[in-house]
Ligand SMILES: Cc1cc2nc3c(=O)[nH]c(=O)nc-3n(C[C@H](O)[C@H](O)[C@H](O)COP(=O)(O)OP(=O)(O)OC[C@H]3O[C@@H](n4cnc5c(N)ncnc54)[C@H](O)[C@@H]3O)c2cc1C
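Coming up is one lone chain in structure tokens, specifically the form predicted on its own.
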Amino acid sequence: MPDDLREGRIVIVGASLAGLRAAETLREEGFTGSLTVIGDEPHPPYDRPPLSKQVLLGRMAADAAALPMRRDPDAEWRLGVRATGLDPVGKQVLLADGESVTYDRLLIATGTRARPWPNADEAALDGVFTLRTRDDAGRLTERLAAGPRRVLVIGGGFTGSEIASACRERGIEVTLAERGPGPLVGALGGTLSMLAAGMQRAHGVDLRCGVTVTALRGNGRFTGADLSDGSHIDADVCVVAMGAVRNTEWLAEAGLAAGPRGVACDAGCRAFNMYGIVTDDVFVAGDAARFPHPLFEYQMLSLEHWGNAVTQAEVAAHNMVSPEPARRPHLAVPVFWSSQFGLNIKSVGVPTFSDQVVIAQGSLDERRLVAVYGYRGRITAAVTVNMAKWLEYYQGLIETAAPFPPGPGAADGRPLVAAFPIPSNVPDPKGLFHGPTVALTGYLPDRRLTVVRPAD
């Protein structure tokens, strides 16, 4: 590693939102060395949130979702080639085309990919889709524009619900199958899941909860699916929205604390190795990262959020080119949003880190509300539905570990709507087709060691 951290060779694996913002920040921080960005897709970095919203509705072309650059990062872009391995001793990233790229410091920003349907033959049927990439969105939009009779969406998380919303806005019949008790329950708990279920049914969604899809049917082309309750759904299109898989397999032999939940790192974005020792030349940011947060008992957080990708990438880039005393932690409170079925849903904090919830403003009947979540007597999250202006206020309560429930008239001078908190009813994600977009993943790295001592 060079004596001057603003020189040398930095490689970013992941031509994503996090990768782009990190590259820009490195230059803004004064890095003058060589910078290489590696991405498995052939496209420059693009914005993913519009893919399940404006693109599916035909209001934006998939190739129009490119991310604007704040400045030219003066980087070598290696696009359309996948990283297949990491040699931390030789400090090389191994690529699928047989080449390798040498680094002094490395940023892992490989993000996630859509979880595929587990039966490969059924997943290969014409008409079965996932939605994660720009190309995914383009193909699905084209099929929706052709006017299918019915679309089957498997998974009631945010992506699945947004796809169902787009289908109904296009006038397409849609069935949504969710293994759990309701849509969004894995992310928001039982109370707001009831609101989401009511909205979906009010907009004509054939919502099937508490069932699994046992088989996708078709002879080369998808024609329908069998459900665990014995029923059958006839449909022309199936969208598998069963959550995401973190892209960490390429690190399997790298000796890092990397696994299905992400790459474990400290608050300064430095990756841990499998012995729990922090590295000083490998950093991680975005959806692939697991990092500790003091507001949530220092448990490791895994996020799939746009805002987190940006702020964590900026912190990682700053720390990569800064001496130890000038480094800073990534302590941003998670924030995300979704637009579906006429609802503008925004969240701050970790709703799944809760045991109770209270409707602090508005009501379920009005479809305008603020739900505040608590755990062991302090506020840990808030979710607004068509009342986004209050989000910043509740973020302040979360950041100061304010007591739960919030006091009467805490926000707008009116008493709490619900007199008493109720259980937040956050289910075990193992029983769902979808999981939380922000999850607490414990304190330990995924990689476990077995110490073998020779016999005397």
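Keep in mind that what you see is a predicted model, and the values were worked out from it rather than measured. Numbering starts at 1 and runs along the sequence shown.
Omitted from view is the form predicted together with this ligand, to which the following refers.
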property	result
Contact of Ala109 with this ligand in the model of the complex (heavy atom, 4.5 Å)	yes
Asp287, heavy atom within 4.5 angstroms of this ligand in the model of the complex	yes
Val13, heavy atom within 4.5 angstroms of this ligand in the model of the complex	yes
Contact flag, Ala62 vs this ligand in the model of the complex, heavy atom cut 4.5 Å	no
All of Ala18, Trp250 and Trp337 with a heavy atom within 4.5 Å of this ligand in the model of the complex	yes
Heavy atom within 4.5 Å of this ligand in the model of the complex - the one residue of Ala309, Leu184, Val282, Ala371 that qualifies	Ala309
One residue of Pro421, Pro49, Gly58, Pro429 in contact with this ligand, assessed in the model of the complex (non-hydrogen atom, 4.5 angstroms)	Pro49
Listed range touching this ligand, judged in the model of the complex by heavy atoms within 4.5 Å, from 203 to 211, 221 to 229, 187 to 195, 125 to 133	125 to 133
Any residue of 76 to 110 that, in the model of the complex, places a heavy atom within 4.5 Å of this ligand	Val81, Arg82, Ala83, Ala109, Thr110
